[in-house]
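Next up is one chain by itself, shown in structure tokens, the form predicted alone.
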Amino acid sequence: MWFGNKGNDNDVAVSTRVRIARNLSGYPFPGRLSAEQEKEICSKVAEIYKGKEWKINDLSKLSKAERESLADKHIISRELAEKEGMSEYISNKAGDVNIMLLEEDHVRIQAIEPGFNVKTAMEKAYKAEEILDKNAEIAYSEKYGYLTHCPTNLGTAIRISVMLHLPSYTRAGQIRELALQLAKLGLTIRGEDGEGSSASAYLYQISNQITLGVSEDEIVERIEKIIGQIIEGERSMHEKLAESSKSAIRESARRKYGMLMYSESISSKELTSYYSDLRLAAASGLIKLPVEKLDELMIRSKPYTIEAEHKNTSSPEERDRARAALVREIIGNAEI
């Protein structure tokens, strides 16, 4: 699993995800498929990946909490988690490559890595894509590249998304300006859950918008260069803030850590409000708390994931108590 592990530049970068969209030739896009065609596609793709390295997962057999938890962990999309009818995903042993079936496209392959690591995520995603390409006829046009449900994904049909923690940009009121600059460069910035979501805890996804008329190498080069500049900008503001308010930041983080440690009940909203300040202090070296553990806590403390992973947590009160115990389990040994 990607979370809980230390990645490159993880003082600012939380994760890197590469997603490749593909459709089987001879079938309409999802939404226009018959029930029989849905079964055929799932059966064909499952047969291709059938083996010891891959596991076929039937989402219809999971509870709502279990499906939504998979979306919380970025294993599948929120859209697939909430989809009615037939839907499956295929996962590798490590859990860092997952293949969604019958989401917006027939097949969506995604690889996710902790921190800022585009090349490794690309290698894993394309290794899985090669298996599909060798064993299925993929919808492709010499003029438009890979054919996809959404026209914005035509061409390479590849999206690279990097999740960043940007408290300094946000507090400086620079997110809107950053969004405008990114748009000019063919990139977009969104909230944690992608398009249409808000940026809770100062977490933002930055991804490429353009897939047509550019090569995979060009997309990678652009993402690596621009994200690298944003990371350096956030670090620079981190340092200035730490220099001017070091004692205040450390004291605030220690107080919030203490409140979390001694609380018997913690709401999701409360933990989210503390996460960003703790992560900023940890990233600045003002407290000894691994940022990857804070990221793991943010993922595993979400309501649906609490309900999916802990027994007797169907009510908000029960989840709040389970969340408090989880806080102590994951970050209870920090040297604050």
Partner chain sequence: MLCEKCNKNEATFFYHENVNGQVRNYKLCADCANELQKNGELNIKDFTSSPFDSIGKFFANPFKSMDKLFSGVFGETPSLLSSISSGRPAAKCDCGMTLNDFLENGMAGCPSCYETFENDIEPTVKRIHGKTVHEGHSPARFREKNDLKKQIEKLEKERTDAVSSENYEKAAEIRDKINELKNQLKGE
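Residue numbers count along the first chain shown, from 1. For clarity, every value in this text was computed on a predicted model and none was experimentally measured.
The same protein also exists as the form predicted in complex with the partner chain; that form is not shown, yet it is the one meant from here on.
Using a 4.5 Å cut-off to the partner chain in the model of the complex, not one of Tyr257, Glu264 and Asn333 places a heavy atom inside that distance. Residue heavy atoms within 4.5 Å of the partner chain in the model of the complex occur in exactly one stretch of 232-240, 109-117, 89-97, 152-160, and that stretch is 152-160. Interface residue remark: Trp54 is not counted as part of the site for the partner chain in the model of the complex, having no heavy atom within 4.5 Å. In the model of the complex, the partner chain lies within 4.5 Å of some heavy atom of Arg176.
Using a 4.5 angstroms limit between non-hydrogen atoms, Leu24 touches the partner chain in the model of the complex. Taking the partner from the other structure, the partner chain in the model of the complex has no heavy atom within 4.5 Å of any heavy atom of Tyr169. Exactly one listed residue, out of Glu251, Glu224, Glu216, Glu123, brings a non-hydrogen atom to within 4.5 Å of the partner chain in the model of the complex: Glu216.
Scanning 120-150 for heavy atoms within 4.5 Å of the partner chain in the model of the complex gives Tyr126, Asp133, Glu137, Ile138, Ala139, Tyr140, Glu142, Lys143, Tyr144, Gly145, Tyr146, Leu147, Thr148, His149, Cys150 in sequence order.
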